[in-house]
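A single chain, nothing else alongside it, follows as structure tokens in the form predicted alone.
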Amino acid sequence: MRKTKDLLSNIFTYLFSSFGIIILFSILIFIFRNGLSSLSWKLITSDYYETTYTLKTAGKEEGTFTCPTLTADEYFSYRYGVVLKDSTNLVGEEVVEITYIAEDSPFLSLINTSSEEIVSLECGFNISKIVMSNDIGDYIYALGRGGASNMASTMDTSNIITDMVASEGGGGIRGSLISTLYLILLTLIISLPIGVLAAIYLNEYAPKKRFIEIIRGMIDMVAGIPSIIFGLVGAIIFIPFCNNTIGSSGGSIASGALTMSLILLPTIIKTTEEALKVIPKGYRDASLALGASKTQTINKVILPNAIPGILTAVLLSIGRIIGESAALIYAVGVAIKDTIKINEKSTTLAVHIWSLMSGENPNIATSCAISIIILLVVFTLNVIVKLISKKLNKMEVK
């Protein structure tokens, strides 16, 4: 009978463990399959908003350019000396991209219609619209959604480009990545000292009274509050506070950092306190016996041995900051920006994913690419902290 119970227990254990592993790998496969093709250095370093130019040629153009070697999906304009290609930008929209510009091409000396300055296009620019004039003065239109083949052939029937809309960049996550880093730094600056000092007090100084146990229970209770509630607290308390102190207007990275500090304090306090508890009492007694004060014992003996646990708290905090979205939607905002300021609205990587998926046409590819970045960052931090903890853990038995 006992063997049967043990067998059934093992079967259920392996069954549910396998179920969890299958779900985990299914999620990872979905994310990497959809996002790996969109993941690039350009995605990380590009601005979200593209730079757009409205241009025209200086005068009549003659087709004197030699066609270079083309791939199957490239098309050459003999009159203007450019190679066009159907492509997809980082936002997932179909565009016509310039992949080659010949020497002395008119595209190297176009006129900006708004400032009358000379603009030189480069490979990688996208063309969304061209308005041209032919020999008899009729206007000809070519749109990016018509494809590179149609645009190149239409350009060869014209003499002058009177209006062309070209753009570069766009769809990147540079601003959201910087916002996330700012948020991590500010949150840790606020929450880490408070959390560590609170853990030291609770473990080393607090009397063994019921009131202290109530405080510990309240800390555990705060850890279970849904993050969206903290977002409402940030919107009601921290946003007005930041508006009056640092001159922000609405949500900001600063108000988001204060909100995330509330969310992370229970994790930091409990993790650090557990790290302090596992340090042998003999360490404290030996230090005190040698004449050190309690403060010196904590600073010189207890805290150095608790560093691995504190680093674990930091890792958990960073992972929570990177993955948090519900609270930050209220406390920071959903405005995707390229110029980042602490007292202005912005988005983190997680909120950026929410923004990409909340529209009528969700951008699954870019969202999965950002998810891959988040997973890689968390995995890298995990490895680094483990290595540091192993090196600094003086209690490890060799």
Partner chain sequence: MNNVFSVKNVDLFYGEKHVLKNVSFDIPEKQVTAFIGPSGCGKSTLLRCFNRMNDLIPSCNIKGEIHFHDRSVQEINPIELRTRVGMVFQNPNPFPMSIFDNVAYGPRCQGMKNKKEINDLVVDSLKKASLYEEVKDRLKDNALGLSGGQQQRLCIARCIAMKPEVILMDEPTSALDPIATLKIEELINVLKEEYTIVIVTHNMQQASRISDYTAFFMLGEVIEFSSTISLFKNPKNKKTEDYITGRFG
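Model, not experiment: these values are computed from the prediction. Positions refer to the first chain, counted from 1.
From this point on, the text means the form predicted together with the partner chain, which you will not see here.
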Per contact check vs the partner chain in the predicted complex (non-hydrogen atom within 4.5 angstroms), the hit among 115 to 123, 287 to 295, 73 to 81, 158 to 166 is 287 to 295
With the partner left out of view, is R145 within 4.5 angstroms of the partner chain in the predicted complex by any non-hydrogen atom?
no
- Task: Considering only heavy atoms, tell me if S87 and the partner chain come within 4.5 Å of each other in the predicted complex.
- Result: no
Whether S248 contacts the partner chain in the predicted complex should be assessed with a 4.5 Å heavy atom distance threshold; does it? no
TODO: Answer for N305 alone: is it within 4.5 Å of the partner chain in the predicted complex, judged on heavy atom distances?
DONE: yes
None of I140, I318, V301, L177 but one has a heavy atom within 4.5 Å of the partner chain in the predicted complex; the exception is V301
Residues in 268 to 285 that come within 4.5 Å of the partner chain in the predicted complex by at least one heavy atom, in order, are G282, Y283, D285
